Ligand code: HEC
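One chain is shown next in structure tokens, namely the form predicted on its own.
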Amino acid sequence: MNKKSHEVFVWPLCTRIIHWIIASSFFFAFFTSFYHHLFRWHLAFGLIFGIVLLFRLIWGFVGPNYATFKTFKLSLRELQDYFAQKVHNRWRKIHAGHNAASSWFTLIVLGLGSWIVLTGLLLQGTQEASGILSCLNEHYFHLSSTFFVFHEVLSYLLFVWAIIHIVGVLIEQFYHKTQMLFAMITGYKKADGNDASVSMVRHLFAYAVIGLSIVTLYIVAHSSETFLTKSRFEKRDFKAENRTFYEKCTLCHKTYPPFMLPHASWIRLMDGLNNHFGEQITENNITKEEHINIKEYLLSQSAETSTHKVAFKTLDSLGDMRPISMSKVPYWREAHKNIEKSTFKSLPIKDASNCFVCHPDFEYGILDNTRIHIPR
């Protein structure tokens, strides 16, 4: 190996790649979480984060020197001495492997990260009704709000720790001049010790995980549907469910899934057909018998009867409100707040009520976040 004096080869290439995959997958998953239309990317990076965390956990037991947990400095005295030396000795000699701070940070990432991934999978299963835990939606969808709180709080907590870690590395790089930033790029640290070596079996294991991460990104972000994204909700044939509802309503517009609005909203809408969004619907359009038929169907399929995310999110956000337009629902407004208002006026959307453009198969009751497509 070509190296300068007083340098030790600590991080093999596979270890460095895994490190950057851990960091980048978390940050990309964190930032894409703020945009509903990027949910597929959020899911992809979250799954990759879980894969490489599992690898790092196993690597802590079977990996090369400097990567294993047995080499970590985890006593509180060692942690105290580490920070004392940082303050009192700018030009101190650094440890070849994990110092006390990075040892603890690695455990924090593994601990918090594992819970973030677990709550994310539970949230995907209960709230989105998709993925490997989609079976939980039917009976445990009401727990999704709890999973969301844990998932969000833990993610912000890990984000803060990641910023602290970055600041610490920058201090080492520019104040202590230890070249710590470049250590995870070149693999070498300015320290004394024996060079790390990785066996062929370990190399194959590490690069298999790297390859799996790339494949996961591709199939989740670009494939239409896989076992990682498949929803438990199938397309609904509203015509077969209620021919009157389908035939009368589609005379003017495509069918809106009944579970989008609560019981009271459908009552308001059906009892106010004399002014139906500016149009007067009379008995010449819908007979009394048809009116009763449609109203009973809508009430039997309202938000209160559904485990769809949009149903319980809508109910949670309404309070005493009972709007007859989905775009008036607080949850709808929150979900679409990052979309420019001009987008709703542009072709081919034209209006905020035209959900069918951005949500493929919306008229069949499909509102899967992984399928959102906003035309540009």
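Throughout, we count residues from 1 along the sequence that is shown. Whichever C-alpha set is largest while still superposing within 1.5 Å between the two forms counts as the rigid core. The shown structure was predicted, so the numbers you read here are calculated from the model rather than taken from an experiment.
As for the form predicted in complex with the named molecule, it is not shown, yet the points below apply to it.
**Q** Taking the named molecule as it sits in the predicted complex, is Lys309 in contact with it (heavy atom to heavy atom, 4.5 Å or less)?
**A** Contact check for Lys309: yes, within 4.5 Å of the named molecule in the predicted complex.
**Q** So, in the predicted complex, is Val8 in contact with the named molecule at a 4.5 angstroms heavy atom limit?
**A** No - in the predicted complex, heavy atoms of Val8 and the named molecule never come within 4.5 Å of each other.
**Q** Just checking whether Ile339 would be counted as a contact of the named molecule in the predicted complex - the rule being heavy atoms within 4.5 angstroms.
**A** Yes - in the predicted complex, heavy atoms of Ile339 and the named molecule come within 4.5 Å of each other.
**Q** Closest heavy atom of Asp271 to the named molecule in the predicted complex, within 4.5 Å or not?
**A** Asp271 lies outside the contact set for the named molecule.
**Q** Heavy atom within 4.5 Å of the named molecule in the predicted complex: which of Ile210, Leu228, Leu298, Leu122 fits that? Just give me the one.
**A** It is Leu298.
**Q** Only one of His203, Arg92, His263, His276 comes within 4.5 Å of the named molecule in the predicted complex by heavy atoms, so just point that one out.
**A** Contact residue from the list: His276.
**Q** In the predicted complex, which of the stretches 72-80, 281-289, 230-238, 97-105 has residues with heavy atoms within 4.5 Å of the named molecule?
**A** Looking at the other structure, the answer is 281-289.
**Q** Using heavy atoms only and a 4.5 Å cut-off, decide whether all three of Leu251, Ala335 and Ile372 touch the named molecule in the predicted complex.
**A** Affirmative, all three are within 4.5 Å.
**Q** Within 4.5 Å of the named molecule in the predicted complex, which residues of 342-356 have a heavy atom? Give them in sequence order, or say none.
**A** Thr343, Phe344, Ile349, Asp351, Ala352, Ser353, Asn354, Cys355, in sequence order.
**Q** Does Gly97 move appreciably between the shown form and the other one, meaning a CA displacement of 2 Å or more on the superposed rigid core?
**A** Shift at Gly97: below 2 Å after core fit.
**Q** Classify Lys341 as shifted (yes) or not shifted (no) between the shown form and the other one, where shifted means its C-alpha moves by 2 Å or more with the rigid core superposed.
**A** Where the cores coincide, Lys341 still shows a C-alpha shift between the shown form and the other one that is 2 Å or more.
**Q** By the 2 angstroms cut-off, has the C-alpha of Phe182 moved between the shown form and the other one once the rigid core is superposed?
**A** No, Phe182 moves less than 2 Å.
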